[in-house]
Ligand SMILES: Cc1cc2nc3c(=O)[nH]c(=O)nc-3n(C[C@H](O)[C@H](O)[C@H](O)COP(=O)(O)OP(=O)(O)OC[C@H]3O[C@@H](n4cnc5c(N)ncnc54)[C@H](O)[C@@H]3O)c2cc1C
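For reference, the chain that follows is the form predicted alone, supplied as structure tokens.
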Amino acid sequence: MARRIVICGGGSAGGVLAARLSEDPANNVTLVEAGPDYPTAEETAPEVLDANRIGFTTHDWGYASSDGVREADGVPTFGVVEQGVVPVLRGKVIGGCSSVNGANALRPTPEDFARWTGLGHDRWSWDQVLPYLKKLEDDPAGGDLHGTGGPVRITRFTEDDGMRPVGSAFLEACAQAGHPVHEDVNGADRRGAGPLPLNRKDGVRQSTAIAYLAPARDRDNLTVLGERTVDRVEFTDDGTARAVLLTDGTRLEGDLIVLAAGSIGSPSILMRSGIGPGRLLDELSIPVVRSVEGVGRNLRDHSMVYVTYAVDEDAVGEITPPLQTVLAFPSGGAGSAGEVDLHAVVLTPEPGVLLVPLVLYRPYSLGSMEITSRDPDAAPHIRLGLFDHPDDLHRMVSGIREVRKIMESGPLQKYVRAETWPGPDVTSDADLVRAVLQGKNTCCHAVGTCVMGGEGTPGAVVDQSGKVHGVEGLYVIDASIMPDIPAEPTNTTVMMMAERAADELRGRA
């Protein structure tokens, strides 16, 4: 009899898991996605398909953080749904966030996994994860660090192949400021500037829906259910996960149930299922299956501000593709021996405007989330905690100063007319701190809300394979189980984790 597998969430992790697990005819896989399912590229909404469309919210859960934002005029509004409110953008569509993100394909680093193993996760060393990073990609860079022939096409724009002049000027300005420039910023040396690796092909965003699920659709043992919301997991009396209950009353029995709904969705399902902080479950009259204080805690996200510029439209010319280059640097500056903790990219969202999203990739601040009701349609309470730690603020201020030095340099003078935010008059540390607190935003890379750790470890929700402690037949495989946040966008890391988990669940690791 086929093993019945129910995967809750069709995003960056769920799409990979469904495709890989259904390769085995001994598995009968059902993938449940709350957003619309687009079976083919021709049926996909244009903004989801178009890799040049960034910041759209037509396929989003509509969540927001309770982080306070100081009122101010002129704060950048790109990516902001409601002025003064920090959005928590989460893709609600087949492919999840991989269908709505910026198609940024920066990979995690050996240093990221040194942190994981340093926290006791000995099965997550760089040598153990690199084969799966290579397995997922089709990267023409080649070499020992990259894979070719994988599902996800990696594209880089170069001066000989599609790099817009403003991108070339940005790289030249970075070099003048003392930053090394590399052809492959996913290579051995991650410090410096270079063409941004992108998971796009012929202008199409290579989401897990396109790269993984589309080739698997004709398998008889794979069922994809779109626009179906998961309510909770049901358990037997001995604590074994036995079924997934959807909000329309459908009950999906499974021999293996995997939550892949992300750092907001997966802990929410766990809490509604009776696994979470005992106090909260009691308050909401949810029968307790297992009291686990770590569910919804330990949230980390990459905080960000947009340094904005008015530019000469004629000099900039074509504004798409909007993302082509990246700079990774330590907050201590180009000559610092410190670790890389800041990234800057050049983004051209509309004529006459240039944004420099400046991202803190090694945050110390912590947040949390919890459900507010047993109703799956009720928005959870989310607090990202952006810039709560004073060191995060100080490093962002240093980053703004470095960005200014680069953007005001000779190679970019042809393009840049004026800084419009924070503005040239905002120069003191105190004024820059105030500006950061007014303009703070997020990269929407939340992790850690179902964190992995040894059974009995305070806060640990799952083991190193993603199995939920204390219950049988239930796994969490997505960004929520990360013990620390990578110093890169999280999408590629999540796909790698799902590739690895699929092999483990098939007994092929």
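Keep in mind it's a predicted model, so treat the numbers as computed, not measured. From 1 onward, residues are counted along the sequence shown.
Keep in mind the form predicted in complex with this ligand is missing from the figure; the text below concerns it.
Using a 4.5 angstroms cut-off on non-hydrogen atoms, would L89 count as touching this ligand in the predicted complex?
The answer is yes: L89 has a heavy atom within 4.5 Å of this ligand.
Does this ligand come within 4.5 Å of any heavy atom of S207 in the predicted complex?
Outside the cut-off, so no.
G9 near this ligand in the predicted complex, any heavy atom under 4.5 Å?
G9: yes, in contact with this ligand in the predicted complex.
In the predicted complex, does T320 come within 4.5 Å of this ligand, counting heavy atoms only?
No, no contact at 4.5 Å.
Is it true that V93, N104 and C444 each have at least one non-hydrogen atom within 4.5 Å of this ligand in the predicted complex?
Answer is yes for this spot.
Of G262, P422, G399, P363, which residue is found within 4.5 angstroms of this ligand in the predicted complex when only non-hydrogen atoms are counted?
Looking at the other structure, the residue within range turns out to be G262.
Under a 4.5 angstroms heavy atom criterion, identify the one residue in L354, C174, L386, V230 near this ligand in the predicted complex.
Of L354, C174, L386, V230, the residue with a heavy atom within 4.5 Å of this ligand in the predicted complex is V230.
Within 4.5 Å, heavy atoms only, one stretch in 165 to 173, 402 to 410, 284 to 292, 222 to 230 touches this ligand in the predicted complex. Which?
Careful reading of the contacts points to 222 to 230.
Taking only heavy atoms into account, state which residues of 450 to 482 are within 4.5 Å of this ligand in the predicted complex, ordered by sequence.
Going through 450 to 482 in order - heavy atoms within 4.5 Å of this ligand in the predicted complex - the hits are D478, A479.
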